[in-house]
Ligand SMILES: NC(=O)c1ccc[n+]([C@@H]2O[C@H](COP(=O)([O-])OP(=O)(O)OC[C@H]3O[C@@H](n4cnc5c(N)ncnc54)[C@H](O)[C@@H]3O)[C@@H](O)[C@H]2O)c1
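What follows is a single chain, given as structure tokens, in the form predicted alone.
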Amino acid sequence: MEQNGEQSGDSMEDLTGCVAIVTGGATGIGRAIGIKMAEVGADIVVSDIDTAACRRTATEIAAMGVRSVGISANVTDPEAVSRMVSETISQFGKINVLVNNAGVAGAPGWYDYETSREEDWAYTFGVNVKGMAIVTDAVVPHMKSAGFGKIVNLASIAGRQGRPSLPHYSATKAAVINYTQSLANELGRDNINVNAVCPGLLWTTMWEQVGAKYALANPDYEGLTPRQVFDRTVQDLMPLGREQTPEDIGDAIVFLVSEDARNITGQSLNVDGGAFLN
């Protein structure tokens, strides 16, 4: 991977020599992102609040022939984030890529309530927005000193248009899109690209909870299982008529952190089967 923005070769989706931190990287989308980047040569720091899962995923990625470590950190804790970044520098000497993937849909038990609670707003903004800023602020000085960096923030199509039963979550993802634009303007002269990815509908534990909540709150979904709610939503919302996968998100991020995307910054890429055409 070139660090000066210059082309080398025909295809530049080669992340050999790149060191990437993936927050929320132990499971789901984060795990897929780490694996996809490792497939094209990146060394991966798996950061997650779940220490055991963090280490398992790092071990899995290291078996692919790249370097990988799991470093537990809560993104809302500045001291824990600082330690995670310092350990990354100590072990790898640099940070080329940051993928801000850690996120939540609400405070514990959010799916049992029809409307957003005060704790849902506070908890979700704390992780999805403030946590993202805490990690970014800790990493950016190292990118600036190197004169190079790639940051990708995980937003959502919920940030494009608010979801009726998840306004707190939708608002955080809209904030992520705006934050991405602000960072891109701020860091462009430092040769740091900042973009976001807006996943569409993926069958995850989070969406299983969303589906159960929708089935309770929406008469149109009465009697449907969470998976049936999900499948109907995919068919109703997406011109391509198919769900997205964590691997789809990982592929998009590999592109955005590669030199193929060296002139793309401040953008929010929908990976959503055509649900939102912008």
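The first residue of the shown sequence is 1; numbering continues from there. Being a predicted model, the structure only gives us computed values, none of them experimental.
Although not depicted, the form predicted in complex with the ligand is the subject of the following passage.
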Legend entry - Non-hydrogen atom within 4.5 angstroms of the ligand in the predicted bound form for each of Asn101, Val127 and Leu154: yes
Legend entry - Exercise: Trp207 in contact with the ligand in the predicted bound form, heavy atom 4.5 Å: yes
Inset, instruction - Considering only heavy atoms, tell me if Gly200 and the ligand come within 4.5 Å of each other in the predicted bound form. - result: yes
Legend entry - Contact of Ile49 with the ligand in the predicted bound form (heavy atom, 4.5 Å): yes
Inset, instruction - Examine Ile29 and determine whether its closest non-hydrogen atom to the ligand in the predicted bound form is within 4.5 angstroms. - result: yes
Legend entry - Residue (of Thr136, Asn74, Thr88, Ser116) lying close to the ligand in the predicted bound form, criterion heavy atoms within 4.5 Å: Asn74
Legend entry - Answer range among 182 to 190, 138 to 146, 165 to 173, 107 to 115 for contact with the ligand, defined in the predicted bound form as heavy atoms within 4.5 Å: 165 to 173
